[in-house]
Ligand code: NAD
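So this first bit is one chain, no partners, the form predicted alone, shown in structure tokens.
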Amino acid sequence: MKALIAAPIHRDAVKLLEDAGIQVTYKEYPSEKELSELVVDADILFVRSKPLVTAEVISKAKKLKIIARAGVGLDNIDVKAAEAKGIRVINTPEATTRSVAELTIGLMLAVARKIAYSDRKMREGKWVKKEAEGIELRNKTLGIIGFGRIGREVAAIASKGLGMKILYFDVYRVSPEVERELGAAYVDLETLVKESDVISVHVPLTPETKGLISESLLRMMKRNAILINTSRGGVVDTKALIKALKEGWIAGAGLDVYEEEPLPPNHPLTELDNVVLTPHIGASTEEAQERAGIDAVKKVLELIKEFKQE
């Protein structure tokens, strides 16, 4: 069998494939045209958040049986087109949970204590002690939109480690036991937005969640509120957020994801001192990439066993 690895995965994961007798071809982040050519004779395709696996790419795959996404989310894969051809699509949502949650907490602290702003000014030779006055997170209310694995991990760190109060909104309510363990209260979205000091977004990008953090929601937030987004850029209306940050509807934001990635040079967000920007690095830790790669390969090898038994 042949595996096409179209994004970096951990070296130990590649070795697992090779040890299983699978022929590996590696091309980092190929264009749609390149991917369409490379995937023609592949049995397995590995990707991360890139490249895009479009219906056009899938139509060129003559032997493809499995598309494996090493990480969370499937929004870069046309799942319907794959399933229509009988191609199994898998991912590894558990693997990156802790890394994304820790970055979320890091962004909260960076915005609340103006760490990135202070660093920039120090490098410019400016001593901005007074301007860099921030806030503590203890006893503040953290509103979490999306209470899946990552949302719950953020809640655990924030409540137990930082002494924050937790509100959450999700289409599904967790069990009373989980709520008690995390000290989390279930509320509707409007209540969460109005009552939270920090709001952190952890939902997948779907037609229902696109633009979820809209101008109307931003206007409901406290003027001293902080918005954190480590999920998907399209969940937030970027133009509305820029307006909110410029006009002081909210105090600040920490963003790891964007509607357009990479973020274009000279983007309006880069000109604002009350926003902290990172380049989609939520899952970019040695530990998360090792888990994601190995978990993806293990799932693929299990599927291959199933195919052989059929």
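Bear in mind that the values here come from a model prediction, so they are computed numbers and not experimental data. Numbers follow the displayed sequence, beginning with 1.
The same protein also has a form predicted together with ligand NAD, omitted here; what follows describes it.
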{"item": "Candidate site Glu190, Lys222 and Val275: all three near ligand NAD in the predicted complex by heavy atom within 4.5 Å", "value": "no"}
{"item": "Segment assignment from 156 to 164, 132 to 140, 191 to 199, 171 to 179: heavy atom within 4.5 Å of ligand NAD in the predicted complex", "value": "171 to 179"}
{"item": "Proximity of His280 to ligand NAD in the predicted complex, heavy atoms at 4.5 Å", "value": "yes"}
{"item": "Contact test in the predicted complex: Lys114 vs ligand NAD, heavy atoms, 4.5 Å", "value": "no"}
{"item": "Proximity of Gly148 to ligand NAD in the predicted complex, heavy atoms at 4.5 Å", "value": "yes"}
{"item": "Distance check, Glu83 to ligand NAD in the predicted complex, heavy atom within 4.5 Å", "value": "no"}
{"item": "One residue of Ile77, Val100, Ala110, Ala184 in contact with ligand NAD, assessed in the predicted complex (non-hydrogen atom, 4.5 angstroms)", "value": "Val100"}
{"item": "Heavy atom within 4.5 Å of ligand NAD in the predicted complex - residue from Leu218, Ile105, Val203, Val236", "value": "Val203"}
{"item": "In the predicted complex: members of 69 to 89 within 4.5 Å of ligand NAD, any heavy atom", "value": "Val72, Gly73"}
